[in-house]
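Next comes just one chain, in structure tokens: the form predicted on its own.
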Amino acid sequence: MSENVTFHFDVDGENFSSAGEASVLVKKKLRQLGFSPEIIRRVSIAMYEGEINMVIHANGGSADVTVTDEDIVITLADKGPGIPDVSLAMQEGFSTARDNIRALGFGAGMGLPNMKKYTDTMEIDTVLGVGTTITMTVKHK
């Protein structure tokens, strides 16, 4: 691949029926581009967790995926409340999801830990009252 390939998605907040659509589309695109099932799985899991977090906590946002010759960069951005304590939010099982969200089967506190687990790098830029941008990289070479 000589040129970067970029995909952009708007993530609809509070709409659990469409949450995860972007990760499904990226999965399909990566398959068409010939990526291994393992790379596709890692990208899909990280993206899905990020999408769900944007729906649960930030009323949506945007997801951008850039495929280069060496890696896949996923950038998730929202204008939500921000993350007050990133180190606490990174702990498995920690969640600020409301009870009605948990009743739907979401908000188990595995989103950020799984995003980190399935990517090679993950950076969180968050400002309270402004929003959060998470940039993740999955290397494929």
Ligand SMILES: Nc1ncnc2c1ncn2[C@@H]1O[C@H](COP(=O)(O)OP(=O)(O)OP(=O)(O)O)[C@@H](O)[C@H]1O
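In this text, residue numbers run from 1 along the sequence as written. In this text, all values refer to a predicted model and were calculated from it rather than measured experimentally.
FYI, the form predicted in complex with the ligand isn't displayed, but the following is about it.
For the chain shown alone, Arg42 is not a contact residue for the ligand in the predicted bound form, no non-hydrogen atom being within 4.5 angstroms. Contact check for Gly61: every heavy atom lies farther than 4.5 Å from the ligand in the predicted bound form. At the 4.5 Å threshold, heavy atoms of Val67 stay clear of the ligand in the predicted bound form, well away from it. The ligand in the predicted bound form is approached by Leu112, whose closest heavy atom lies within 4.5 angstroms of it. Applying a 4.5 Å heavy atom cutoff to the ligand in the predicted bound form picks out Asp78, Pro81, Gly82 from 64-82, in order along the sequence.
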